[in-house]
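Okay, so here's just one chain, in C-alpha cells, the form predicted alone.
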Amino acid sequence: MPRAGLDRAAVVALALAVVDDGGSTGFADLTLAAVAARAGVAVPSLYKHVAGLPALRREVALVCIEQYGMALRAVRAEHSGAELLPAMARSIRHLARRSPGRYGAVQGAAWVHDPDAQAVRDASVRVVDELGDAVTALGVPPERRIDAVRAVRAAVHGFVVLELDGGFGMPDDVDVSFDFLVAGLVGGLERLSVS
C-alpha cells in the first residue's frame, strides 16, 4: 500500500529536493534510493508512482526546464531590444548560481533520442525560442538565428559552469568578467545585423 501523501507529484518534489541539495551534480547524482530515503519508503514503493529512474529524471528535467523558461519569459516582460539578451544572460547565471542542480537538469541532451521525452523536448524548444527572440531583437538575420542562439548558449553556459566549479580563482571581479562576456556577445551579434 502506498505511503499516505505519497503520489507522483510528491515523489517529483522529493527528487527536486535531492537535486537541490546535490549542488552542481545534483541532477547527475539523482537516484531512486536517495528519493526513497527522503520519502521514508523502500525503493520499490516508488514504482507505484513513477516508472523508474529514467521516468523520474524526465519529470524533474521537465519541471526545471519549465521554470527556466518562465524566468526567461519574465525577463522578456520587463526588457526589450538590445537590453533583452543581457538581461536573459544575467537571469540564466542567477538561476544557475541559485539552483545549480536544477540548472544541470536543464542542460541535458539525453532527451533528444528518448521516445518518452516529447514534453521535455517541447519545453526545451520553448526555451530556445525565448533566446531566439533575444538575438532577433539585436537584428540578427533569420538565417543566422540558430547560430547566434548556439553561440549565446555556449558562451553563457561555459562561463556559468566554470564559475560553479570554482574555475575563476583570480581575485578579479567575476561579475565584471561576466558583463564583459555578455557585452562581447551583444556587440558581435549586433555586427551581424549590419553585415
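Position 1 is the first residue in the sequence shown; the rest follow in order. In this text, the rigid core denotes the largest set of C-alpha atoms whose superposition between the two forms falls within 1.5 Å. All values derive from a computational prediction rather than experimental measurement.
The same protein also exists as the form predicted together with a further copy of the same chain; that form is not shown, yet it is the one meant from here on.
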Query raised in the report: Within 4.5 Å of a further copy of the same chain in the predicted bound form: all of Ala77, Gly81 and Pro86, by heavy atom?
Result: no
Report task. Choose one stretch from 49-57, 63-71, 29-37, 162-170: the one whose residues place a heavy atom within 4.5 angstroms of a further copy of the same chain in the predicted bound form. Result -> 162-170
Query raised in the report: Within a 4.5 Å heavy atom cut-off, is Arg126 in contact with a further copy of the same chain in the predicted bound form?
Result: no
Query raised in the report: Going by a heavy atom distance of 4.5 Å, is Val41 a contact of a further copy of the same chain in the predicted bound form?
Result: no
Requested in this report: Decide whether Leu138 counts as a contact residue for a further copy of the same chain in the predicted bound form under a heavy atom distance cut-off of 4.5 Å.
Outcome: no
Query - Distance check, Val174 to a further copy of the same chain in the predicted bound form, heavy atom within 4.5 Å - result: yes
Requested in this report: Can you tell me which bits of 143-159 touch a further copy of the same chain in the predicted bound form, meaning any heavy atom within 4.5 Å?
Outcome: Arg144, Ile146, Asp147, Ala148, Arg150, Ala151, Arg153, Ala154, Ala155, His157, Gly158, Phe159
Query raised in the report: Is it true that Pro171 shifts between this form and the one not shown by 2 Å or more at the Cα, once the core is aligned?
Result: yes
